[in-house]
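Coming up is one lone chain in structure tokens, specifically the form predicted on its own.
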Amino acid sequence: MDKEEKKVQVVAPEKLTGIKLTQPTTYAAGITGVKVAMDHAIKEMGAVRAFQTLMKMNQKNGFDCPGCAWPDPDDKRSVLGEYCENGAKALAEEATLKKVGIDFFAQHSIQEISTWSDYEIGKSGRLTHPMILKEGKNHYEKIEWQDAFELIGKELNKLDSPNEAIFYTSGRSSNEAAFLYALFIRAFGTNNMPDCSNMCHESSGVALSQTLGIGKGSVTLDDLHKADVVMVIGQNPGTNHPRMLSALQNCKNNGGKIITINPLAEAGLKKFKNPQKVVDYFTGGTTLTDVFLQVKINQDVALLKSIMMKLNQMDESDGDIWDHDFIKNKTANYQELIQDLKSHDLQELIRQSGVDENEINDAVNILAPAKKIIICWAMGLTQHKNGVENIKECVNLLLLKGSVGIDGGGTCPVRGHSNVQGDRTVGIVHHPNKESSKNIERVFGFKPAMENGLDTVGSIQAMYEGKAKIFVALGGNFVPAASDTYYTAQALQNCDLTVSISTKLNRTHLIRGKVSLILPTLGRSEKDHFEGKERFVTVENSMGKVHASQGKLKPASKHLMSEPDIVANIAEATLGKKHVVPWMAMAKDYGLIREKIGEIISGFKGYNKNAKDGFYLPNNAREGDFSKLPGGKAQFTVCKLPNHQLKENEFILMTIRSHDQFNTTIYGLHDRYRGIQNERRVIFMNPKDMDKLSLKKLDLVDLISEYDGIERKANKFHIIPYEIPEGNLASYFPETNVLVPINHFADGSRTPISKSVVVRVAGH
């Protein structure tokens, strides 16, 4: 027996790493971005290997970036490399030469590893063998693949009900793996399929489905180049989706305008120096934002209403502002929307938004004559109690202008992880689709589970309360990614078995059930060989195009399995070799999986034949077809204003990413664009708020949130004076996810309120 040790550290230790401040940058990318990207890649992969592999990323007949879901050009790809700084970092993380094998786990206990920062854990390297953490033990040990599968099958079959199992999915998984996973889960008898999109763009999916009839955006990459106006709301593309900056630059070069709405003035939307354009090395680059509206956190509805009120006044005075033919023929509830706008006091809306009226007028003057309008957004709109209504208010503006279903106009939710949209399309949904379920029964001969399953919040609560006993994760780093970190960690620790299908070590592997398994899988960049043949998978990008991805690197270990192989083996070990679904045959031949997807899911006819070249899925909003909605029309929505009742010395905190980060993966300790070096434990605060609290630059403070009588605390953060609205704060996740209450989330989507947490600031 291992000697008893202290409990694992659930969150990153409160260790300061020696902060250094520089001036925030005034532009994104440029030669510095190239240098940083190459430094990361060479350090992790070696120079020759790094250059050769980067040239294959996001190229036709290459592999899809393991980072974000930004689309690749349909036609010509850049010969210099179709990737960005953070894409290079994502590849470096996956293709690192460092290994986490049997000797590593023999040397380091889970308690010791938990005292490392998330950055240090992630930098340990690639997982090489299936490992088991037995009950009462403190070190992971090697387990044979077949023994691992038999253990999972045995434990699943011991449950009193299939609904006592939770099956989580990360957006990194391929369409083939996600479909097979969902098929197995429904055959097992449950729809408990929490997905990472529950924590990010679920609000977008709900709002868009209810207003436009499809839970996806309606534009393509080419539309961004054609737009008269692109509105970027609640999004920081310079860090989170850097390749989007090239599309915005093309829009500006074609005469388009950009309106940015965000509580922080981010460098990436001020100016962009395109690393692939020689002229940008000798000039100041391209100024992107024409009008910046620095809205207060979660006051986007107030701001959008004020813009629409001003435009409506112009329409009633001069006409020709709203597209009345489109409104009459294609929409419903127009009069209700106008009546609601007129019921508000314009000056009160402007005051609530925190934006100067002259700046609002500048935006109105750009929007008034425009027809081809695209609104882009990300977590800054979705992760609030009114996240669904935030999106619906954006749709209202687009419908008034007739900007949906046209070239150069429409909705553009910018998805995070590289295949998070594809996972949902092929079946990872906790509310089963009746048509797809009937098709599953027709094609495979079994009745899939039809009872609604649990989303992420519901799954965490079920595990915490002992109602769910097994947790299986297809990718991801669940504990730091979810809200209410200590609550989530306790939920997993209440399980009998936790299973992680992963490429790299992360903190969730340390938060054990009674027994814990790590099953190492191939990365996106690695060759997938079976019986001497190379296989490929497919993904769906942020704009609804499905395309192939085929790795080029030798796998990190000969003991790795592909995700479809792992899922199929779990299914066979659980349901038996004589089950009606040919699990192992589909795992062997991904083409067979694609053929079955084509038979079951709408829009995938000819999938296997067309996978290599890629194809767009049907999109009714893109075509201006709203026939599935009530009355066959797009829906205007009357949206309420947010109501934050702040007490004295309370603030609204939004969690954000640093520039050296993608989701919970920490690439480094710098936030170059915001002027932070070598530290993550920082709070961005308005200097006037600092004066009110008698705080000075770099003072250490604690953050406290209190919901329903429960106090949550995040300790030891440096105060950084920053250009952010008074009463607002910003800090990095996952360090501040401990403050987000598990039971407070968006109405309609249950997305955590990570961008509008009420907190107090206390001296440390």
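Given the structure is predicted, the values throughout are model-derived calculations rather than measurements. Sequential numbering from 1, following the sequence displayed.
Below, we refer to the form predicted together with a small molecule, which is not included among the displayed structures.
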>> My question is simply whether N192 lines the interface with the small molecule in the predicted bound form - judged by any non-hydrogen atom within 4.5 Å.
In response: no
>> Although the partner isn't part of this model, could you tell me whether D671 comes within 4.5 Å of the small molecule in the predicted bound form, counting any heavy atom of the residue?
In response: no
> Can you check whether P263 is within 4.5 Å of the small molecule in the predicted bound form, heavy atom basis?
Replying inline: yes
> Might I501 be said to contact the small molecule in the predicted bound form, defining contact as any heavy atom within 4.5 Å?
Replying inline: yes
> in the predicted bound form, which of 469-477, 216-224, 576-584, 491-499 comes within 4.5 Å of the small molecule (heavy atoms)?
Replying inline: 469-477
>> Does the small molecule, in the predicted bound form, lie within 4.5 angstroms of each residue among H241, M379 and F733, using heavy atoms as the measure?
In response: yes
>> Within 4.5 Å, heavy atoms only, which of C68, A41, I720, L703 is in contact with the small molecule in the predicted bound form?
In response: C68
> Which of these residues, I185, M199, A178, C412, gets a heavy atom within 4.5 Å of the small molecule in the predicted bound form?
Replying inline: M199
